[in-house]
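Before any questions on binding or motion, here is one chain by itself as structure tokens, the form predicted alone.
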Amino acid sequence: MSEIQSAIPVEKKKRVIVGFVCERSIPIHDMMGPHKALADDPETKIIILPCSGMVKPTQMELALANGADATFVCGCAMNDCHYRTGNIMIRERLEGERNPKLRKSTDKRKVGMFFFTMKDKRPFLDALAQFKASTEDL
């Protein structure tokens, strides 16, 4: 919880995107800059987790409630989860097929999900840029 709150500046002047990223999906440690943000994209704050299956929709809702403009989760490619089903569980939760689900009041346009491998740095950055562009006017 405090990691989510610390990702969002108290006096927010720019957009803030909060991402929950599985440490075994993309090469996230190599992509990090200062202040727990992407090196080439300081408005995207990253919370690194051992598995995307650990993410609960309430954590993403908390990020939005605390001022994030959007939030996303990035897990391993489908059928390639280190813990077998973590990526499937978070996908089903965000799609409303498994509990816990996002609340009906959550603007689902502000919630993204990506599933990539360690080789997919560029595809991840492209997907993130597309997601961020889709949330700019929300």
Partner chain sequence: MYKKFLSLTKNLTVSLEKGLNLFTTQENNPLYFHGALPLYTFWFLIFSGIMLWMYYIPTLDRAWTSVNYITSLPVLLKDANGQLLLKNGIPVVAAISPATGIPYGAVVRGIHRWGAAAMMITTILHMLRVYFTDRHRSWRWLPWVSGVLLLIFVLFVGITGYLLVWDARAYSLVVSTQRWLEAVPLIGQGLSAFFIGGDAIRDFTLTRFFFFHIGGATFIFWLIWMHFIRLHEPVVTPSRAVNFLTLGFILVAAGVYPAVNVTNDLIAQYPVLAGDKGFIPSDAPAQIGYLVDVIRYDAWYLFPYYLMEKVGVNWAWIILGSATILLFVAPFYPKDRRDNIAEVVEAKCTGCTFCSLDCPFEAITMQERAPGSKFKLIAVVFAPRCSECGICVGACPFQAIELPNTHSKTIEADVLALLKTGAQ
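Quick caveat, the model's predicted, so the values are computed rather than measured. Numbering follows the first chain given and starts at 1.
Keep in mind that the form predicted in complex with its partner chain is missing from the display, and what follows is about it.
Chemist: So, Ile26 and its partner chain: in the model of the complex, are they within 4.5 Å at any heavy atom pair?
Modeler: Taking the distances in the model of the complex, the answer for Ile26 is no, it never comes within 4.5 Å of its partner chain.
Chemist: I'd like to know if Val18 sits close to its partner chain in the model of the complex, meaning any non-hydrogen atom pair within 4.5 angstroms.
Modeler: Looking in the model of the complex, residue contacts with its partner chain include Val18, since a heavy atom lies within 4.5 Å.
Chemist: Looking in the model of the complex, any heavy atom of His82 within 4.5 Å of its partner chain?
Modeler: Because a heavy atom of His82 falls inside 4.5 Å of its partner chain in the model of the complex, the answer is yes.
Chemist: Should Lys108 be counted as a contact of its partner chain in the model of the complex, where contact means heavy atoms within 4.5 Å?
Modeler: No, Lys108 is distant from the partner.
Chemist: Could you list which residues of 34-56 come within 4.5 Å of its partner chain in the model of the complex, counting heavy atoms only?
Modeler: Heavy-atom contacts to its partner chain in the model of the complex: His35, Lys36, Pro42, Glu43, Lys45, Ile46, Ile47, Leu49, Pro50, Cys51, Gly53, Met54, Val55, Lys56.
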